[in-house]
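Coming up is one lone chain in structure tokens, specifically the form predicted on its own.
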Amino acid sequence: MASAVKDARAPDLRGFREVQSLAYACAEAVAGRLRPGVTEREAARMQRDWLRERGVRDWFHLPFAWFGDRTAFAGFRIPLQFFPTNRKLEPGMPFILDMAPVYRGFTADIGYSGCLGLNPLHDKLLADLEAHRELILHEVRERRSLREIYEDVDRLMIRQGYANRHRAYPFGVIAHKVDRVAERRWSPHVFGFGTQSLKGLMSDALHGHRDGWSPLWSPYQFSDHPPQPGLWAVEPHLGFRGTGAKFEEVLVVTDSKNPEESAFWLDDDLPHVRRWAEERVAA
């Protein structure tokens, strides 16, 4: 890597990059198998099975799948509504696959937006997400507070004509920290979340509360602090009426004084980034 900061973190970053790539490979494989009539539960099981066949035994959270207006979290009021249902996929319907595997002690949390056939509105949402990826990186490098960046993402969504749907997540988070997890032969999960990962997040929350920061990136006062060094799974989520789209990937934050080294996306070879590049070439 180009910098001493990145060199020092290279072994860990390779591990996180590998599991993130594995998760996106799973998303693309499962997306390619989706057909009319497949349910959210079946799509979530496809993700679990694909990853388990490749050695995943633990999770930050089990895979989710949302179809149709559930991609925009239409009517979501309680956490149980996030879990996969018997909603069936139909032609032209958007979908989101979301998974957070732990592999060899490294964690990923990714979101993949797609559509079963043509849907110009969904294409527009996906294209407009690029500006959010650029905005978030720029403002993290400026060391603006997480709460301020969240508000700027909100303002950009409003200018684009969309609703903020990550606000529907618990605590309204747009991101959360991820970290190494102790490897176990088998790790239980509670309400879909791996207990080892939850312990790590709770430990971060306790230390952060003492030191004045939070592992949750939200619109609330507890996120009114500069970005904390570490790895953040970031997921801006746009909604327009009954259609939603998002990406989720890891942003690396360091304590470097060099802006380019102070924050960078873990990997630029991802489906949504490649899509934007192809669209620019086509234009």
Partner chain sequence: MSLLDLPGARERRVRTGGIELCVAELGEEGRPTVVLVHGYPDSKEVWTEVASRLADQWHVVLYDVRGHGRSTAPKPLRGGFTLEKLTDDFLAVANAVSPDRPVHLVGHDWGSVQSWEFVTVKRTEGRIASFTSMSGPSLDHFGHWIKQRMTRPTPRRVGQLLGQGAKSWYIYMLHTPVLPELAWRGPLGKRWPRMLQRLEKVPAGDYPTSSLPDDAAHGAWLYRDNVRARLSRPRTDAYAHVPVQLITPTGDVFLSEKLYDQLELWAPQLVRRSLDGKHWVPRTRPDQLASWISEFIAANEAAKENGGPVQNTAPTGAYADRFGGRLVLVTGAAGGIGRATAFAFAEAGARVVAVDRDAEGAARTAEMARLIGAPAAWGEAVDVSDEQAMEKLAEKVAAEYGIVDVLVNNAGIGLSGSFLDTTSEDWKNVLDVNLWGVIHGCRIFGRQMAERGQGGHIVNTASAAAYQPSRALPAYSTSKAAVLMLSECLRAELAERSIGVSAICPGIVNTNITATTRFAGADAAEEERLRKRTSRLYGLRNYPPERVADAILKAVVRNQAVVPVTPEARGARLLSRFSPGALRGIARLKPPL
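On a predicted model such as this, the values are computed, not experimentally measured, just so you know. Residue numbers count along the first chain shown, from 1.
What comes next is about the form predicted in complex with the partner chain, which does not appear here.
The partner chain is not drawn, but in the predicted bound form it has a heavy atom within 4.5 Å of residue 121. Proximity of residue 241 to the partner chain in the predicted bound form falls within the 4.5 Å heavy atom cutoff. None of the heavy atoms of residue 182 is located within 4.5 Å of the partner chain in the predicted bound form. In the predicted bound form, the partner chain sits beyond 4.5 Å of every heavy atom of residue 88. Of the stretches 49-57, 25-33, 253-261, 233-241, only 233-241 has residues with a heavy atom within 4.5 Å of the partner chain in the predicted bound form. Exactly one listed residue, out of 162, 213, 103, 95, brings a non-hydrogen atom to within 4.5 Å of the partner chain in the predicted bound form: 162.
Using a 4.5 Å cut-off on any heavy atom, none of the residues of 254-269 reaches the partner chain in the predicted bound form.
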